[in-house]
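Next up is one chain by itself, shown in structure tokens, the form predicted on its own.
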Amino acid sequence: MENFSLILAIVVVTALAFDFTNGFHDTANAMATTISTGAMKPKVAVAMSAVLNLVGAFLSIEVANTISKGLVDESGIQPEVIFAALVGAILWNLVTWLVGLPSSSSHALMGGLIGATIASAGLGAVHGDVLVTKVLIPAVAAPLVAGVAAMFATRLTYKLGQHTSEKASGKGYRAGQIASAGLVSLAHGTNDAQKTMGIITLALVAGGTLAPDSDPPVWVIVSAGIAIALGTYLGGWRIIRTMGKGLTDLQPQQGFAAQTSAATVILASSHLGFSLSTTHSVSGAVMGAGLGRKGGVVRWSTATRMFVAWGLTLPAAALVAALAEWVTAFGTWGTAAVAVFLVGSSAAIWVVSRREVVDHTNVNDAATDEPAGVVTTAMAAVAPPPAGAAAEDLAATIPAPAAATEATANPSAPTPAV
């Protein structure tokens, strides 16, 4: 650990803090659908997710190597640059968590690293080919692939179970959801924990502690895995509510299809070293599952807000990181000022979040009171009723005539003359 300077220690601690925010920000990716359909109790779900995130952190280092060796030029990076990148990523994570938007922690980190690197060493220090092939293309492809796969998987599950009782199929798919949620958690640890491993490894190389092109040391893998697991256990309840209830109303069959599709995409991408967003993959799968069921709809107003947040993630984190890098360039007092700003801003966001607490006791409450909208109403109107719907339930949807309603409400009232 020679040459382990104070600034390097600050960078490592800040990176683990980012990993912690990544955990509670992205818990929804694995557990939102499982919690919203009632397959698992909220606290049990996040505990299981935390354990599997920790296990997943040890399965691969391909994504870590993409970040530490491929995205930016190691020779032009100083630890202060990485510190500034982490500031941009953490603040974006906290802001989007506060408003309950499932944005990408991965892209926040990528944006922060790119912005700080450009501010420090110029545009040439960013490897554009790696950015396009392993970050931007997966960002677009992952939600589309996961969404289409989930839509067809949902239709298949309903077709296969059309002769099975709703109670029996629901029970079976809830069990399947638990298994698929575990797979997503494992995939999340494999993909997202590695990003922090990569950023710490890059800092160690920049600080002279590791040789260039080194793999993450064991202590980096362990600490990153523990940090993301602790954050996952804390539970990002605000984003879980949006993902589980705000995008669409899911049944167990849909939840199983969405989680299985997302996990497949994430694990395949991790194996290839693609630094994709688990948030994008799971969100796309949830929307696909919503469209895969007859009568199922997606709340496009919520989805639109998510898409806007996705588009802003890279540039917003890059801008904050570039400003932080500009301040740290003034020396020790500049770095201290940025650190104070990060702590103060984080504390302020937490205080604001206490005004309306969302936790495991109310996570399944309605995420929004907004009207369904024209498209949703039209689709629901032409959708056939669920199989086996009781006649009285259908009759209840037909409003009673005003006179009959008044007579029922006031039996003593005289009958109007004809």
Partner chain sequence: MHIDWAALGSVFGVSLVVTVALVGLFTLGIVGLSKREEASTRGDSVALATTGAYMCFALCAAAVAYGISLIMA
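What you see is a predicted model; the values in this text were computed from it and never measured. Residue numbers count along the first chain shown, from 1.
Just so you know, the form predicted in complex with the partner chain exists too; it's not on screen, but the next bit is about it.
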**Fill in**
Checked 157, 106, 120, 251 for heavy atoms within 4.5 Å of the partner chain in the predicted complex; positive is 157
**Contacting member of 328, 96, 242, 190, with respect to the partner chain in the predicted complex [4.5 Å, heavy atom]** = 190
**Prompt:** 14, 38 and 213: each with a heavy atom within 4.5 Å of the partner chain in the predicted complex?
**Reply:** no
**Prompt:** Is residue 345 one of the residues lying within 4.5 Å of the partner chain in the predicted complex, judged by heavy atom distances?
**Reply:** no
**Request:** Check whether residue 48 has any heavy atom within 4.5 Å of a heavy atom of the partner chain in the predicted complex, and answer yes or no.
**Result:** no
**Message:** I'd like to check something about residue 173: if you look in the predicted complex, is any of its heavy atoms closer than or equal to 4.5 Å to a heavy atom of the partner chain?
**Reply:** yes
**Prompt:** Taking heavy atoms only, is residue 277 within 4.5 angstroms of the partner chain in the predicted complex?
**Reply:** no
**Message:** Given the stretches 85 to 93, 215 to 223, 176 to 184, 202 to 210, which is the single one in contact with the partner chain in the predicted complex, using a heavy atom cutoff of 4.5 Å?
**Reply:** 176 to 184
**Request:** Could you list which residues of 111 to 134 come within 4.5 Å of the partner chain in the predicted complex, counting heavy atoms only?
**Result:** 129, 132, 133
